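Okay, so we've got a single protein chain in two different forms coming up as structure tokens, structure 1 first and structure 2 after it.
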Structure 1
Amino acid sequence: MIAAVLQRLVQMAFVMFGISVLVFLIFFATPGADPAARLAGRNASPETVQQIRHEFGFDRPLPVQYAIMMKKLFITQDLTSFVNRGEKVVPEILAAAPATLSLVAGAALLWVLGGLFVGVISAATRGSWLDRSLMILALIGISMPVFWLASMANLVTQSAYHDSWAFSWVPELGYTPLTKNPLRWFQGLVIPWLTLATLYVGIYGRVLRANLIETLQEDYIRTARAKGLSETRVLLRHGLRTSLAAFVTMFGLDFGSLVGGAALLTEVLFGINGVGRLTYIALGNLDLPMILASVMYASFFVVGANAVVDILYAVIDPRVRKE
């Protein structure tokens, strides 16, 4: 078990190294483009471009350029944004990360609980009116785009009915840190949590239902029933645990990508200054250092989340521990 975990961590390190090399080559080794001019941004003076070329080693061999860039990103953390008047990129991303983590963690809790409820109840009542109703609701949730649902939520809670008793507690758009005001933090994130979780509840519920129905046809489930175990125990203890493998895989991929910046639309529409919104602004300004840092941050977080999922397999499925 320990050897498998160590092996997975080593593989993760190699994958992260490969990603960093690939991202660097895409951004700074594209033929026919001057990387110094890209970093300097629009309308930069020739003196600024020359200074950047010397500072980042763009007049030196490619491996040296890569080493300098990685040093600025991960060791000294002094990579600066020339578009935003020399602001340091890494501290900005680190400052925005708590907002993104708060948004995604709360939404993840809702969609995991909702997905488990929908999947288990639908599988337990397969073919009934309740099963069909839950699947229809799940399909509706999947079909609603996040940008549309967020816009409708803002229209209701921030404009049309903001002064009513139902939504008067909803604060204005933005993010309040948990350490500053816990109640305001919670109130400001409830609507974004529900908006972001709606899509995933439907997806996770339908996937879990399908896996549970398939698992309940296995021979060991028939054996458990033959031993006199209750249907509830068979479903929750034997069927659900085995069916969670695909559920956990999806969660690792979705959680990692959302924390890495895939919650961009939700952050932009609700005015949350997270990593996704930083990336959105950087794309609009062609702020290459910020885009580079956010891409590296997102890639590493996705790889790390998948490594954690692989390790959790051994906890969920005993068959993995025997391999």
Structure 2
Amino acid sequence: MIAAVLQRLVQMAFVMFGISVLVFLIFFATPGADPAARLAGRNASPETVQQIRHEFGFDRPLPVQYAIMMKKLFITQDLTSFVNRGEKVVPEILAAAPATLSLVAGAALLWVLGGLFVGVISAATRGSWLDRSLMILALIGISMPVFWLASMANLVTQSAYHDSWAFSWVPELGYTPLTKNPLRWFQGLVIPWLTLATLYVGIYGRVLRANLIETLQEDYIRTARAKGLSETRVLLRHGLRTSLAAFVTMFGLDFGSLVGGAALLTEVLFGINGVGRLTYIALGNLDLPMILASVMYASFFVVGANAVVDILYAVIDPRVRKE
């Protein structure tokens, strides 16, 4: 057990190292431009570029440059933006994290409930019109680009029908911290939650349905039926339990990647000041230190979250532990 956990942690460390090297190479070793000038952003003075070159060791070998960059990102955490002079990027990112977490956690709750509902109902009524229409809806949900759906949600709730009874409660775009005004926090996030959850309800519903239908062919399900258990009990207690394994693994991956940046577009369109929006603003004014830091922190979060899920999995499921 401990060996398995240790092994997983070593693997995690390796992947994190790999990602950090990859990001470093993408940003500073791609041919075509001076890395110091890249870091300095648009319209930087030659003196600034010269100073950056010296400070980040761009006149020294690549491994030294890598070490300096990692130190500035993770140990001293004093990487500063050159576009917004003197702004330390790491604290900035950590301050934006609660907004991203609020968005993703709420959406996650919605999509898990929605996915369970869609998957179980359509597996139970397989082949019926209800199953077919749920599956068509799920496919449509999967096929909509999230940024477009967010635009359309804004169009309906902020403009076209904002004055109707249905959406008059929707506050202006933006994010209110939970600690400041819980009601406003909730109201402001309902539409973003629904928008973000739509895609995942589709994916999870489809996967769960397929899994359940496969599980229902198993011998032990026939045994359960033969014992005279009710169909609901067979479906929920015997079928769903085994089908949930894939569901849990997927959830870990998706939750991690959303917190780690996949929610960027949703944040941008709903004006939520999370990590994704910071990255987006940095994209606009070529603030490379900010992009670098957010990419690095976000991907580390994803890798860490996946490792935690795997370890928890080994704790829950004895079969995984034995391997």
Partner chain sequence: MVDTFSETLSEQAAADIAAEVISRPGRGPWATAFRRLRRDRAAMVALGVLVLILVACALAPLYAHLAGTDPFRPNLDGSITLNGQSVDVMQPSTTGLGLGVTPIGPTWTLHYLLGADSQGRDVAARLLYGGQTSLFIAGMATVICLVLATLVGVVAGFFGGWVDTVLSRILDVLWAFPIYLLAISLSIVLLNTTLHIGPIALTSDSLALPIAIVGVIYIPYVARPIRGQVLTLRHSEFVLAAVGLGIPAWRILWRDILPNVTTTLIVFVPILMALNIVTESALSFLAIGVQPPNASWGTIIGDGEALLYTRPMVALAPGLAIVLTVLALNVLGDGVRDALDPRTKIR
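Predicted model only: the values in this text are computed from it and were never measured. Reference numbering: structure 1, starting with residue 1. Whichever C-alpha set is largest while still superposing within 1.5 Å between the two forms counts as the rigid core.
Between the two displayed forms of this chain, it is structure 2 that matches the form predicted in complex with the partner chain.
Positional change of I93 between the two structures stays under 2 Å at the C-alpha, relative to the superposed core.
Its Cα shifted by 3.7 Å, G228 is compared between the two structures on a rigid core fit.
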